[in-house]
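The data below hold one chain only, encoded as structure tokens and taken in the form predicted on its own.
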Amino acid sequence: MSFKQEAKRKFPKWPIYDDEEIKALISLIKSGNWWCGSPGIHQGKNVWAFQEEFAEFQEAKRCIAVFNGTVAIESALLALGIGLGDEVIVSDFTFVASASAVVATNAVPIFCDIDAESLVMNVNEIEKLITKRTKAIIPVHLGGNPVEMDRLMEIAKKYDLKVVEDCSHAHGSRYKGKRIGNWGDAGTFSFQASKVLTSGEGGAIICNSDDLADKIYSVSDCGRSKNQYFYKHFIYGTNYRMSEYQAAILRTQLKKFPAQHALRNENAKYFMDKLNEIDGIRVIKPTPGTTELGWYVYPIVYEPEKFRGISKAEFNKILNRFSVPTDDPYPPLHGLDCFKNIDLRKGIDYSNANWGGEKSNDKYFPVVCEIYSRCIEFPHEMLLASKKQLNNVVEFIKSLK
């Protein structure tokens, strides 16, 4: 077992489950209804129930449950008409799926640098990236921290662009009174194993338009339409349906989520205040107007010169040896091999992208590269620990100076 794995054992385990999840799965298996069916003829009950429950929690009108967060983004983009040669602006500091889902629609992701304090898409950079081919923006709420969605939506309206919010980290986040995911045309979520709301795998799209929700459903279920004959396929679609097993787990996890969400937010604020007192440490700054964060990851940026010149790799090792778990931040997308070497969809013209070959040089993405070189992340389960444990982490980091 690595030091990193051992360190995680000192803090609350993840996922957290009890007999309720076990009973839900046993009940599902015994029912014999192992898939959801269709809107007109329900087989299982869990997918349909979860869609209603998650929409209510996220304060959205509609929810479409799918198999994972990647296809959630893809389904939303396809339903919005994004396709061949269209350009979609995406944060450069995110998991590859935020961009690979764009590639899957035969569109071209365009990478946007980040704000040095909030670590999310810098809305001041968006207009510089807009061309006659730009059709959409994917703001990524890294760590649950909202992009400045009011300003972003003004830009989107000005240029008639669609907006799909990547909320994979932002379950329960709230910005200026509105749940994240409700600002754009659609909001997409992931329920992958490490997420704050999880079923191992899983995804969902929320929106407030019945027409768009029905199009997303059709894309994700073989081109079918609600309450129509099962073997009629009205548009191109594929099978991205969520399974009953995923939904059964999610329904029980969703009941536990509000209490966990409240504790994460309480401890995140406490931890932030303590860490920010250390010269050379800065926690991700919540975007002004944010009242709740999903806190999927807890990023800090450190100054090596204030810590005896310790490299990021060594900083991680030292923390792990002291039983402090850390996670690796996402490498900036522009430097990933698939984009740098343009090893993507065949037959698509990527020549106008702002990446690939020399265009993937770090000098063109100065903020994200500088931040990435000094960024360390703590996993969200740390925020479910006691304040005594968090204090111990703070004191140990102080001792490294």
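One-based numbering along the sequence shown. Worth saying up front: this structure is predicted, and the values here are computed from it rather than measured.
In what follows, reference is made to the form predicted in complex with a small molecule, a form of this protein that is not presented.
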property	result
Residues 73, 95 and 195 all lining the small molecule in the predicted bound form, heavy atom within 4.5 Å	yes
Contacting member of 330, 240, 245, 175, with respect to the small molecule in the predicted bound form [4.5 Å, heavy atom]	330
Interface residue in the predicted bound form among 190, 220, 91, 145, criterion: non-hydrogen atom within 4.5 angstroms of the small molecule	190
Proximity of residue 181 to the small molecule in the predicted bound form, heavy atoms at 4.5 Å	no
Residue contact check: residue 294 to the small molecule in the predicted bound form, 4.5 Å heavy atom	no
Partner proximity in the predicted bound form: residue 171 to the small molecule, non-hydrogen atom cutoff 4.5 Å	no
Touches the small molecule in the predicted bound form: residue 140 (any heavy atom, 4.5 Å)	yes
Contact stretch among 97 to 105, 275 to 283, 151 to 159, 115 to 123 - heavy atom within 4.5 Å of the small molecule in the predicted bound form	97 to 105
